[in-house]
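Presented as structure tokens, the chain that follows is alone, the form predicted alone.
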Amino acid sequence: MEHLFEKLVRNGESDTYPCHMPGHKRNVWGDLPPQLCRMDITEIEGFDNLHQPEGILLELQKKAAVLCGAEESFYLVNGSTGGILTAVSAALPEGGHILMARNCHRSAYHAAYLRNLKISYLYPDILDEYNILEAVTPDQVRAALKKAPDIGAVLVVSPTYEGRIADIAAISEAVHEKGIPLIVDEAHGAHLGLSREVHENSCRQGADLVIQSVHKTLPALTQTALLHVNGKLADRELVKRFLHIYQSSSPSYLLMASIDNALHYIEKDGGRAFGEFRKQYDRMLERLSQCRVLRFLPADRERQDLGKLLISVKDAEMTGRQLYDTLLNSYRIQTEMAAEDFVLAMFTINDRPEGYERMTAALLEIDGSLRGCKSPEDRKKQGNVFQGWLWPENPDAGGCTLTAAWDGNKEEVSLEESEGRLAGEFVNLYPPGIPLLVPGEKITKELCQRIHNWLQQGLTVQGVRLQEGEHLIQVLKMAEEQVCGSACVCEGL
């Protein structure tokens, strides 16, 4: 079949004069490459319309569904954010009750805010050896559904940001016993199910709504994603309605061509690409097993995704941020993110042998220069002792609904003065954008210390503002706290 990229190239090379948007009129300006300008169009004759696809875009979305094992798929041009907003909004009525993993991305909370949802949380366990969050389990889901029978939809994350895989088949079974839809934030798993070298995707394990960021783990441009729909529990007309609301009415054809190009590449050469991916990644981990101090989470066939290189400094004389800076400044390797005691690097099917070699050589050299910490006391002095996520185990203790809190009257206070107050804004590391604090939750002494440690280590903390040497955080005004405290409907499960 015809591919969008090829069609855009031909249009750009034609002699048809563009008396239409966009305003650059396919002419070069500034420093942008000429081909980019020639290919950038709007909904003109012969190129279909994403919001009512009847031609090439309809066919490409059908092709994506077949490749990914879905009944119906939709192109997204504003990332997984638009897909999560759409899925949650379509799955639940305004004021409904959602059960969702506490390690969901902020966009899930934004959806709950927009629909004024009651939220119950699933709290993932900690993988102690590496101090990261596990994926939620079927038993956790079953217990939560039993406790709150009015839950109308479930949202889980798999793979997690660090690559932990949930048993989606068993979770689907548990959720469907209640006759409600399962939404899976599979933003970091667009590659899943496309090869025997990687885990199966959620579409083929019974999930009703699955969101994937094509740009995260496949060779596509930033901001590209897919929303997959299966079964009859998700209202597809509502899905389409909310896609119209949350997506631009002028979607980028360059981004849509990027999705098509990535999926076509998988279809044509995916077997070889994934085989080489597995070979190179396993070889890197085998060589890194020589390290004395640094430790690495192995990619297994059960619960750890291929490509998420988690580099633990738990036993090292440095913090995650220090390793992140060393890799960047001394070895010119830009990793994905730094946490308190690990660094996350990402590899995909598009990495070349040079990338694996550079990372391996750098980490072996760094490890050779490290002195391992001799005791927990040493690690505590160095400031990289993991304290857990410290999420409120009972968010309704003095808290209020997300919507009421975020819309409430707020004031800024110093981080030190915020203890015991109710948060008025999200606080999270970015990446990955998983909230440590949600509006309406009580700020404990432990949470204040955790935020302080993040700031001291130079990590990127959103929701805290620096002014004249003082860190400020938004809290609800006292009168708002009293009102919210008496009207809270949040739950922790």
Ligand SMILES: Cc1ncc(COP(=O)(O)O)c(C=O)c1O
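Remember, predicted model here, so these are calculated numbers, not experimental data. A residue's number is simply how far along the shown sequence it sits, counting from 1.
Another form, the form predicted in complex with the named molecule, is not on view; read the next lines as being about it.
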| query | finding |
| --- | --- |
| Among the candidates 187, 111, 313, 183, the residue which, in the predicted bound form, approaches the named molecule to within 4.5 Å (heavy atoms) | 187 |
| The single option of 401, 213, 140, 205 touching the named molecule in the predicted bound form, heavy atom within 4.5 Å | 213 |
| Heavy atom of residue 86 within 4.5 Å of the named molecule in the predicted bound form | no |
| Partner contact for residue 78 in the predicted bound form: the named molecule, 4.5 angstroms, heavy atom | yes |
| Exercise: residue 115 in contact with the named molecule in the predicted bound form, heavy atom 4.5 Å | no |
| Residue 406: touches the named molecule in the predicted bound form, heavy atom cutoff 4.5 angstroms | no |
| Listed range touching the named molecule, judged in the predicted bound form by heavy atoms within 4.5 Å, from 270-278, 164-172, 215-223, 248-256 | 215-223 |
| Those residues of 300-337 which, in the predicted bound form, come within 4.5 Å of the named molecule by heavy atom | none |
